[in-house]
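Before any questions on binding or motion, here is one chain by itself as structure tokens, the form predicted alone.
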Amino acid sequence: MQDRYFSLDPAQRSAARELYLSVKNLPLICPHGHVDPRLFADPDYQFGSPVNLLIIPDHYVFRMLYSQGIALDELGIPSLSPSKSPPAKRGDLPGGVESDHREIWRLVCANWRLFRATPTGIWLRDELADVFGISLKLKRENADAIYDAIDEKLQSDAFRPRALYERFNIEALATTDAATDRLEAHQAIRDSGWGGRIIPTFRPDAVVNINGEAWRENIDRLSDVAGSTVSDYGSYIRALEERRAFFKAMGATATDHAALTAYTESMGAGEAEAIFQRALAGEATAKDAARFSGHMLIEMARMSSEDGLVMQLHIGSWRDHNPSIHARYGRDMGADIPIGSEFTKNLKPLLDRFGNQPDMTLVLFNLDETTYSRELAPLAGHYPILRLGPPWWFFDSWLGMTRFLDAVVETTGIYNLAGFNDDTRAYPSIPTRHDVWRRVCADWLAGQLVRGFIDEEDAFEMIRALAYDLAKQTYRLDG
């Protein structure tokens, strides 16, 4: 449907259509996401079954099904250590994880009503239509036909990741990589001579969060990849700087940091050393961890001010809220829940040092919508360092994007926004996600146009910025 998601008002709908068509075919800038670079390292990479591609790796899908009592085992989700005990509830399988992918697909289709009016429902419907050419509605009766149609496509050369990169008209795609990653897949992409621009992003959370499950082991890995023993705070900082330089040499233009809150604190080297030594000894407290993370955000800002890497900060997710799921299946299994956030006080120590630097960029993302107009828009509307990332995770939706634009643009304008990023592991959904953003922005700008807030020239310049220019400029992808 050409005019999907546009206003029912005829004047706004007509204007939205024209704005959208002006950017519909612009290349996709994907500056932040979680697609595995190994997809592109092997020119013959295959996604596997439709379930391998669309169900097992997608927490948006399986968290909803789990909420209705469908066990993750039934969806083919592997556990860390399969339970040998009898089934505890409906859906647990006596024989362990379901391995019949066709049966898993039938189960998902039989319950697809759960995704009506949700972003996930929109993404998969549009993805099946636009990427796979499948217009059948997901339901029990169509399950096998849709499975076979997807499976047939996935066997073809046209559905190899590199071929899809070209078809999707992606100009640049950034992955997210641990600070300890040797970036072997990225090197393999370079060595292959393929022309796609796949770049890494430096993510140090696993070596910064001293209360993390495997922090000590990750410090050992940091020592190994940096080629020097990390035994104190000074050697730790030098190792991180060395890794950032390596990532930058491999094409990185940005870093990424996730934290529960935006708390920042500047500590002296002696105090940081004391906490670091307690962490090495396994004696750090929860307060130590919070203070050290806050201090390291400032240190990462300091490094960005020196090496030019754009800094991204994702705030407000209580990770792995469900301890039973975490214990059985591990991290990031659909049990992450937003919390309330505060920025004005928490970010002040960082902004006091770096907020006025026009040649440095800190992109803020948050899961607490109440901060949009109260704190984030006023902060980004003043400090040269700040840009606002697009609605993230739970709010990567038509309503979430519309609320975001309503809440922030009056204070920030659009040129303090970072444009769009798809932030996804679901590679085939990338063009669909960008398309939804472009349609929302076109409809929102059309509303501004017909009300007389902007004129036609403004609207066409603004839609191009929101669809393409802002992301490219923010993440320094012009080179």
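Counting begins at 1, following the sequence as shown. Fair warning: this is a prediction, and the values are worked out from it, not measured in the lab.
Beyond what is shown, the protein has a form predicted in complex with a further copy of the same chain; the following relates to that form.
a further copy of the same chain is not shown here, and in the predicted bound form it never comes within 4.5 Å of any heavy atom of Arg476. a further copy of the same chain is not drawn, but in the predicted bound form it has no heavy atom within 4.5 Å of Thr424. a further copy of the same chain in the predicted bound form is not approached by Gly133, whose heavy atoms all lie more than 4.5 angstroms from it. For the chain shown alone, Asp9 is a contact residue for a further copy of the same chain in the predicted bound form, at least one non-hydrogen atom being within 4.5 angstroms.
With the partner removed from view, the residue among Gly381, Gly234, Pro78, Gly330 that has a non-hydrogen atom within 4.5 Å of a further copy of the same chain in the predicted bound form turns out to be Gly381. Proximity to a further copy of the same chain in the predicted bound form, defined as a heavy atom within 4.5 Å, holds among Thr229, Asn211, Thr118, Gln187 only for Thr118. Every residue of the trio Lys348, Asn416 and Val450 has some heavy atom no more than 4.5 Å from a further copy of the same chain in the predicted bound form. None of 216-224, 316-324, 143-151, 189-197 except one has non-hydrogen atoms within 4.5 angstroms of a further copy of the same chain in the predicted bound form; the exception is 316-324.
Residues of 379-400 placing a heavy atom within 4.5 Å of a further copy of the same chain in the predicted bound form, in sequence order: Leu379, Ala380, Gly381, His382, Tyr383, Pro384, Arg387, Phe394, Phe395, Ser397, Trp398, Leu399, Gly400.
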